[in-house]
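What follows is a single chain, given as structure tokens, in the form predicted alone.
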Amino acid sequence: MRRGAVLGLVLSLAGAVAEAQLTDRIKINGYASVEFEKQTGDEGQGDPNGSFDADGVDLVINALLTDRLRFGTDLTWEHGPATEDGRGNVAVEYAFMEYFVRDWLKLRAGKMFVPFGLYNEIHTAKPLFVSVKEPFSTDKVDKLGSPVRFFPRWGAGLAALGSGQLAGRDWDYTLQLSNGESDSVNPFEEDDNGAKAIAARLRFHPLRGLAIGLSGYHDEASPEDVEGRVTQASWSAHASWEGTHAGVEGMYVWGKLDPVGSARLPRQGLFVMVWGKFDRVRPYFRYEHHDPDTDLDDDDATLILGGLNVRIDEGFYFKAELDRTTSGPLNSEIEGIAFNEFKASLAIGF
């Protein structure tokens, strides 16, 4: 009996040590959101029926394999996926190896978010948003009449990133080389031409709570429905500030699509958002504007929204807002028909 008790104690201690080692080296976090959208009128590009959306569930896993080597991945289940019924989506948002050299230099390889602007690298993490969704005018411009987005969501390839201080102020950068986007092959497996996409972002914090940054993206794509290559280039300037009782952020993006042998398509987008901070409640307002072709009149679109973000519990948020979308008559998506839409969500992070 005594031997059995001692053996049981040893096994329990061994299990506790193994568990401690596991939690020290591997961390699992995540987030989830449920949304509701309802267009208030009969006409427009919103949801006239009023629909609930099991928007997504993400598991974020970080494994520290050595003191210098980390593996990170984000696994997502979107819109209540059921593969046997062909519903929803299951995806690897990112999966990369990261090797630490110095604070100012880390090297990554794998599938990664494209480092552009304020939202793309957190676009699946809805608890980090003040609003229900990220801005359409800069990050989801296909919703406002552009043929493609200013930059793809993801890229497969290599990246260098790091951070440091300049005159006592923080800065950070990311530089990424990837296959770019493609509609003829899987861009996370192969490229459809010899050109590679380059993305970069630089941020600086001149004051406490204030960050300013620049982003750029350049690629040469080979779409199936276009003869020859299309140069895609986008640049942005962005800034954010958050104080004790208020915050503000904004971004301006300019880009072009330049097909060989065809006319160039210049476009631009911008947004500005302000919010207050009153304990658990954050009222917010955002103005967005997108011009799908700056050489064409009467095709621009505007989105204005206001709402409330309420922290129900630690990491648990309720958001509700009213959006109004308008456009010129030549906008290919909105077609000049203004509409209002009510949006709400529950988002949780853990």
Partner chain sequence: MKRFAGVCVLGLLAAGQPLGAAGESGVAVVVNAANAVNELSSDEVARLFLKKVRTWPDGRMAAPVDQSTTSSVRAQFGKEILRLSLGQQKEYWLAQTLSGRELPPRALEGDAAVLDFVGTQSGAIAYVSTKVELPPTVKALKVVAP
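Residue numbers count along the first chain shown, from 1. All values reported here derive from a predicted model rather than from experimental measurement.
Although it is not shown, the form predicted together with its partner chain is what the next lines describe.
Colleague: Among 321-329, 287-295, 44-52, 23-31, which stretch sits within 4.5 Å of its partner chain in the predicted complex, heavy atoms only?
Modeller: Among the listed stretches, the partner-contacting one is 23-31.
Colleague: I need to confirm a contact call. Of 134, 249, 220, 121, which residue comes within 4.5 Å of its partner chain in the predicted complex, counting heavy atoms only?
Modeller: When its partner chain is considered in the predicted complex, the option within 4.5 Å is 121.
Colleague: Using a 4.5 Å cut on heavy atoms, which of 163, 89, 193, 184 is close to its partner chain in the predicted complex?
Modeller: So the residue touching its partner chain in the predicted complex, by this definition, is 163.
Colleague: Can we say 64, 103 and 317 each have a non-hydrogen atom within 4.5 Å of its partner chain in the predicted complex?
Modeller: Heavy-atom distance to its partner chain in the predicted complex: all three under 4.5 Å.
Colleague: I'd like to know if residue 78 sits close to its partner chain in the predicted complex, meaning any non-hydrogen atom pair within 4.5 angstroms.
Modeller: Heavy-atom contact with its partner chain at 4.5 Å: absent for residue 78.
Colleague: Is it the case that residue 38, even though its partner is missing from this view, gets within 4.5 Å of its partner chain in the predicted complex, heavy atoms only?
Modeller: No, residue 38 sits far enough from its partner chain in the predicted complex that none of its heavy atoms falls within 4.5 Å.
Colleague: Heavy atom to heavy atom, is residue 94 within 4.5 Å of its partner chain in the predicted complex?
Modeller: Although its partner chain is absent here, residue 94 would touch it in the predicted complex, with heavy atoms inside 4.5 Å.
Colleague: Report whether the minimum heavy atom distance between residue 170 and its partner chain in the predicted complex is within 4.5 Å.
Modeller: Result yes; residue 170 sits at the interface with its partner chain in the predicted complex.
Colleague: Which residues in 32-61 have a heavy atom within 4.5 Å of its partner chain in the predicted complex?
Modeller: Read in sequence order, the lone residue that approaches its partner chain (within 4.5 Å, in the predicted complex) is 60.
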